[in-house]
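As a starting point, one isolated chain is supplied in structure tokens, in the form predicted on its own.
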């Protein structure tokens, strides 16, 4: 037992009534401003320029296929590769990929699926043709290519 006791009349409690309001405000702020990462792109992406472009109307029906030289050339070489989701794939893997992407959609939207190819401008046409043939075999007939707007002065 101590002989000396503090005799303080002032209250030392910290008011915490506003703390839940502040926590919810921060929670809502981060929920509304945070975007989810879609894919970690592992191939080089320099898009060719085009003059006639159109915007995608319903992005939820679009699945992306990346074609280009790997960014880690020491590990994967310099030949162009196909990337779907976060992994490298062969053209034969695209049939299963398209089937999985169609399964994610509702029944009435499965025929409207669009495969967007993001092809590096230095990629060879042979790998692009292989991808096109695999998409044709998977019955994914709506294919678009990503490009940038060509400047009028050039």
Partner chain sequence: MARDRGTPEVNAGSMADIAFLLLIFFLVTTTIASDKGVSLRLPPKAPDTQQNEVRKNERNIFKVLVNSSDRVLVNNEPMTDLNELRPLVKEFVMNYGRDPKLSESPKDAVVSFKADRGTSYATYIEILDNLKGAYNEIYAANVGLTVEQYLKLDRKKPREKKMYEDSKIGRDGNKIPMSISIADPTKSGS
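Positions refer to the first chain, counted from 1. It should be emphasised that the depicted structure is a prediction, and the values quoted were computed from it without experimental measurement.
The same protein has a further form, the form predicted together with its partner chain, not shown here; the description that follows concerns it.
**Item:** residue 98 within 4.5 Å of its partner chain in the predicted bound form, heavy atoms
**Value:** No, residue 98 sits far enough from its partner chain in the predicted bound form that none of its heavy atoms falls within 4.5 Å.
**Asked** Hey, in the predicted bound form, is residue 117 touching its partner chain, heavy atoms inside 4.5 Å?
**Response** Close contact exists here: in the predicted bound form, residue 117 approaches its partner chain to within 4.5 Å, heavy atoms only.
**Prompt:** Is there a non-hydrogen atom of residue 125 within 4.5 angstroms of a non-hydrogen atom of its partner chain in the predicted bound form?
**Reply:** Yes, residue 125 is a contact residue.
**Prompt:** Heavy atoms within 4.5 Å of its partner chain in the predicted bound form: does residue 103 have any?
**Reply:** Contact with its partner chain, no.
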